[in-house]
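In structure tokens, the next block holds one chain alone, the form predicted on its own.
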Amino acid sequence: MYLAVFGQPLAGKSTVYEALTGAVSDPVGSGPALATVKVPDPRLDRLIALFRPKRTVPADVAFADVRVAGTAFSKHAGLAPAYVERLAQADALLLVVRAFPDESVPHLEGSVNAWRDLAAMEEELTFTDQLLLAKRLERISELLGKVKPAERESMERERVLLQRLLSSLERGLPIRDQALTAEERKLIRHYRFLTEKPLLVVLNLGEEQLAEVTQWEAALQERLHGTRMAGACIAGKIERELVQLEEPEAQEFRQALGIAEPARARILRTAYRLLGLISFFTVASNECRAWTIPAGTLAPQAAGAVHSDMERGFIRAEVVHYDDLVAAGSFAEARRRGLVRSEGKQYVVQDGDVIEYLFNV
């Protein structure tokens, strides 16, 4: 999973990036700062304690603090091309919206208004896609009379689809919420529209606003729309400080501040849900590992996440759910209790499955 962290100037996006990754974002550089973090999963920790493998491999997620030299934002002109290119590479967009008051960090609009800024950024994403669609439609119109009949038919189908997308965007409906068939999504895949990507809105609060976090989160939820948009509230500056501490000390400070869990854990859990991802586990004498796959993945394709040979030579999957395995204490005991199932090629892997693959190549 690759998440692009972006936002308006002075919204605290680099602070949030550092809070989520523990890395330092170079304020001078013009390219994206990149960091990979391990996904915290109590289930993996329990399996490690149970099996004591020589090697453990959590799932990981890459974050990019996306920025460009000069001005990336120009009202009603779309985002800068270099900025768009970096956002387009991501699996999901993490939009940091400023809510914290700080007179030493003046807002470009002269006042702090999170809802105004959220609406403005959504408009910029929408307008950027509208510009791309308009340019492509113009190009198709120029080419239609010059191409061969077979190519003309395909291009005409594309034109109809793109015009439909554009009309819906003009009515305020992002592409992620438009009804598209699998074939239509495949047709537009190479465009990498920004409003097609899942959007995670992170409201960046100040420490003094933590007492009101419930109200802020409720207000944010009211402004989210569609199934591929989610939100969370964090105090970026505080979380950045906490991530630099040893965990016992950080936990003490969280309790004192009323913060239930680290921002990283919460944001990653939200991102998994937003992207429709689940985790399954493999356990061996020398390694215990978490794997990330889309929900609905069949057993052979999940095996391919482990190794391409496993998918190609898939025979069956020996499956036990995490809860059953932990209760049994071992694979052998789980088998004795009848908790291990043999599943074939049509089995849909479930979140929390622990799997042993049998394959032959």
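Given the structure is predicted, the values throughout are model-derived calculations rather than measurements. Numbering starts at 1 and runs along the sequence shown.
One more form of this protein exists, namely the form predicted in complex with a small molecule; it is left out here, but the text below deals with it.
> Tell me, yes or no, whether residue 262 is in contact with the small molecule in the model of the complex, where a contact means a heavy atom of each within 4.5 Å.
Judged by the heavy-atom cut-off of 4.5 Å, residue 262 is well away from the small molecule in the model of the complex.
> Is residue 15 close to the small molecule in the model of the complex, meaning a heavy atom pair under 4.5 Å apart or at it?
Residue 15: contacts the small molecule in the model of the complex.
> Answer for residue 10 alone: is it within 4.5 Å of the small molecule in the model of the complex, judged on heavy atom distances?
It does: once the small molecule is placed as it appears in the model of the complex, residue 10 has a heavy atom within 4.5 Å of it.
> Look up in the model of the complex whether residue 233 has a non-hydrogen atom within 4.5 angstroms of the small molecule, and give yes or no.
Heavy-atom contact with the small molecule at 4.5 Å: absent for residue 233.
> Among 283-291, 186-194, 144-152, 204-212, which stretch has residues with heavy atoms no more than 4.5 Å from the small molecule in the model of the complex?
Checking each option against the 4.5 Å cut-off leaves 204-212.
> Exactly one residue in 272, 216, 100, 127 has a non-hydrogen atom within 4.5 Å of the small molecule in the model of the complex; which is it?
Exactly one listed residue reaches within 4.5 Å, namely 100.
> Name the single residue among 224, 134, 105, 257 that comes within 4.5 Å of the small molecule in the model of the complex, judging by heavy atoms.
Among 224, 134, 105, 257, a heavy atom within 4.5 Å of the small molecule in the model of the complex occurs only for 105.
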